[in-house]
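One chain comes next, on its own, written as structure tokens: the form predicted on its own.
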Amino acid sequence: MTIDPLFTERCIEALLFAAAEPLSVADLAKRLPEGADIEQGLADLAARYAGRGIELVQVAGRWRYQTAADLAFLMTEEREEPRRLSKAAQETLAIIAYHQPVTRAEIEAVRGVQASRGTLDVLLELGLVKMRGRRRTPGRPVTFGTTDAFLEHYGLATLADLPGVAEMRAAGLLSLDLPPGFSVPDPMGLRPGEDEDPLDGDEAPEFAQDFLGES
């Protein structure tokens, strides 16, 4: 059965406007009639909204409407200011993003200082990072990696869109003396690595609140 392309566009448009969070192609397929060309409908809608006040964008493999970047200044007074990350949290987040999967000890090796539990806890609480698995080394340390929420927050389609390592080093967020074995992740980097095992289902992060006092 052939579905009218314009009807498919309108259905996708309605679903995305009503959705509380970005939708994947699979999410849309559950709602649209069988035979609807969702990929083409998304491409047509993206082209239709290009250059408008609202644009259709793909973030972390999902689709959403958002205000055009050059018009963000219009929303300044109406947006709630997000919690600011401390310098330690920003550095830790950058290390995790570029070196995942990474353990607490490896984060400390890159930063050159002991990693505060509160710094990792606030990143976990905000949903920017997650515990990925356990390294197959003595002590079975937990490994950390970024989440889809990290990609959404920074407007990245995949990890491949992260700024270059040189830019991050220039900003002081990456050490010039990195431990061996670290490399910039690829878009599939959120899967367990060869030297780690997935966490058990009942292993969940416990949040401390000492980050509130961090400078």
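If you're wondering where the values come from, they're calculated on a predicted model, not measured in any experiment. In this text, residue numbers run from 1 along the sequence as written.
Keep in mind that the form predicted in complex with a further copy of the same chain is missing from the display, and what follows is about it.
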| query | finding |
| --- | --- |
| Exercise: V25 in contact with a further copy of the same chain in the model of the complex, heavy atom 4.5 Å | no |
| Interface membership of E39, a further copy of the same chain in the model of the complex, 4.5 Å heavy atom rule | no |
| Contact flag, G53 vs a further copy of the same chain in the model of the complex, heavy atom cut 4.5 Å | yes |
| Residue contact check: P101 to a further copy of the same chain in the model of the complex, 4.5 Å heavy atom | no |
| Members of 124-142 lying within 4.5 angstroms of a further copy of the same chain, judged by heavy atom, in the model of the complex | M131, R132, G133, R134, R136, R140, V142 |
